[in-house]
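Let's start with one chain on its own, the form predicted on its own, as structure tokens.
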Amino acid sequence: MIDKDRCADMSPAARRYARTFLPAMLAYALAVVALSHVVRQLHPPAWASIPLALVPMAPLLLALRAYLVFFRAMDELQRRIQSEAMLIAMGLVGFGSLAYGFLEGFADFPRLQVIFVFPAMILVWGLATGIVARRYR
């Protein structure tokens, strides 16, 4: 599951992050699967749909907290790299989703679900982190 040699190379902050982030993401995945099952099998009433739909947000908030604690433990260079990468991701995905919204509204492009914006931001953030980090090597 977790490579012991790789863990030995990790800082204490990174190990703490892995110990808190990974279970939160596992809980998130399980919550999404459980929610899907409950909705498909039990057909809950409309009033119960709102709190049920928000259940996966709880583990995501725990994952965010884990990242914030890790971010605060980073050295200045790592914080700068992460901050620049987040700004790039926010800008690209934000402007991209705004542009796509105009295309939906004025050029009859197909509608996209808003649920894809955050995963797109995380993906672009990861790519931008690699690009920004190379600048500081």
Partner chain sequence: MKNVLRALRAERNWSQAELAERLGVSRQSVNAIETGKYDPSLPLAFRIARLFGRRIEEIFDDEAPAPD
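Residue numbers count along the first chain shown, from 1. Computed from a prediction, not measured in an experiment: that's the story for all the values here.
The form predicted in complex with its partner chain exists for this protein as well; it is not shown, and the discussion that follows is about that form.
Among residues of the shown chain, L77 is one whose heavy atoms approach its partner chain to within 4.5 Å in the model of the complex. Mapping the unseen interface onto this chain, A89 falls outside it, with no heavy atom inside 4.5 Å of its partner chain in the model of the complex. The closest heavy atom approach of V93 to its partner chain in the model of the complex falls outside 4.5 Å. In the model of the complex, its partner chain lies within 4.5 Å of some heavy atom of I81. For its partner chain in the model of the complex, the listed stretch (93-101, 23-31, 68-76, 42-50) containing residues with heavy atoms inside 4.5 Å is 68-76. Contact residues in stretch 103-137 (any heavy atom within 4.5 Å of its partner chain, taken in the model of the complex) are A133, R135, Y136, R137.
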